[in-house]
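Shown next as structure tokens: one chain only, the form predicted alone.
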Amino acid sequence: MQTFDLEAEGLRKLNSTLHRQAETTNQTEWEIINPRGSHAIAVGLDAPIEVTIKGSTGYYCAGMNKQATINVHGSAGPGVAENMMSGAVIVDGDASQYAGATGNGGTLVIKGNASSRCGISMKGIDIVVHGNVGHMSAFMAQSGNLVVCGNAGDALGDSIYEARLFVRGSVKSLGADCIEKEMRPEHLAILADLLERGGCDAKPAEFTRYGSARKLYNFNIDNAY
């Protein structure tokens, strides 16, 4: 285990050190201490390493992650795992706005609550939230899966494309073109896998699926003024 004191050695040195880790590195486990809410911790990683952050982080933690597994033993500020490509990011606490925004792949697990715009413009990422999500979550979500074990705020899935949304609790309101959809056996299987990967003990049958009504895909003259 490599231990890095962020307060003593600084963010630039941390990220440059982690970026030097190749796929064949033997320094596969890293512990970051004294993060003190610093921004852009462990961004742009591209190696199969495991990074444990002992405390809460600022904005864009684990952004653009590829291959790495990043564990935040605290809460995360805005944009955690933004534009993630692969790997996994696990947040033990809460996440602020637009968690997992534009994510292309990998898995983001938030064990607390997520704020507004969770999964905005997601493009293939899987997001599992143990608690609630705020308003405008999955706005313009293109593909991937958002699992919410708690409740969802206003305008869930507004202008959604082909992402799948699974909510266990209540939904305050659905956004434009987002509707409740049938939960078929293949969706139950997908959800069971997501819940297992996310460390949730909820049952797939307890969830409702939401997705696109596909009415915004083409121009409609009735919408013109």
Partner chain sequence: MCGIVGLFLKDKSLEPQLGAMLTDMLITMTDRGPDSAGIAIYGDGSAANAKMTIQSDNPDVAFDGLAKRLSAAIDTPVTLTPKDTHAVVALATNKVAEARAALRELDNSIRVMSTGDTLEIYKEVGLPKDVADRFAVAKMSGSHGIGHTRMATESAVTTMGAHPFNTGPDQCLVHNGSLSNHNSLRRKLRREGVHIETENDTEVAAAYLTWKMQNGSTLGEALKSSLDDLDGFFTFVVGTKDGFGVLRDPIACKPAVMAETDQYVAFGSEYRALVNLPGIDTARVWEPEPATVYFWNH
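Residue numbers count along the first chain shown, from 1. All values reported here derive from a predicted model rather than from experimental measurement.
We do not show the form predicted together with its partner chain, though everything after this point is about it.
> Just checking whether D94 would be counted as a contact of its partner chain in the predicted bound form - the rule being heavy atoms within 4.5 angstroms.
Looking in the predicted bound form, residue contacts with its partner chain include D94, since a heavy atom lies within 4.5 Å.
> Is S115 close enough to its partner chain in the predicted bound form to count, meaning some heavy atom within 4.5 Å?
Contact check for S115: yes, within 4.5 Å of its partner chain in the predicted bound form.
> Could you confirm whether R36 comes within 4.5 Å of its partner chain in the predicted bound form, counting heavy atoms only?
R36 belongs to the contact set for its partner chain.
> Please run the contact check for T69 against its partner chain in the predicted bound form: heavy atoms, 4.5 angstroms, yes or no?
The answer is no: T69 has no heavy atom within 4.5 Å of its partner chain.
> For its partner chain, considered in the predicted bound form: do all three of S56, Y59 and H135 come within 4.5 Å of it, counting heavy atoms only?
Every residue of the candidate spot has a heavy atom within 4.5 Å of its partner chain in the predicted bound form.
> Please identify, from 159 to 167, 194 to 202, 181 to 189, 36 to 44, the stretch that has a heavy atom within 4.5 Å of its partner chain in the predicted bound form.
So the stretch in question is 36 to 44.
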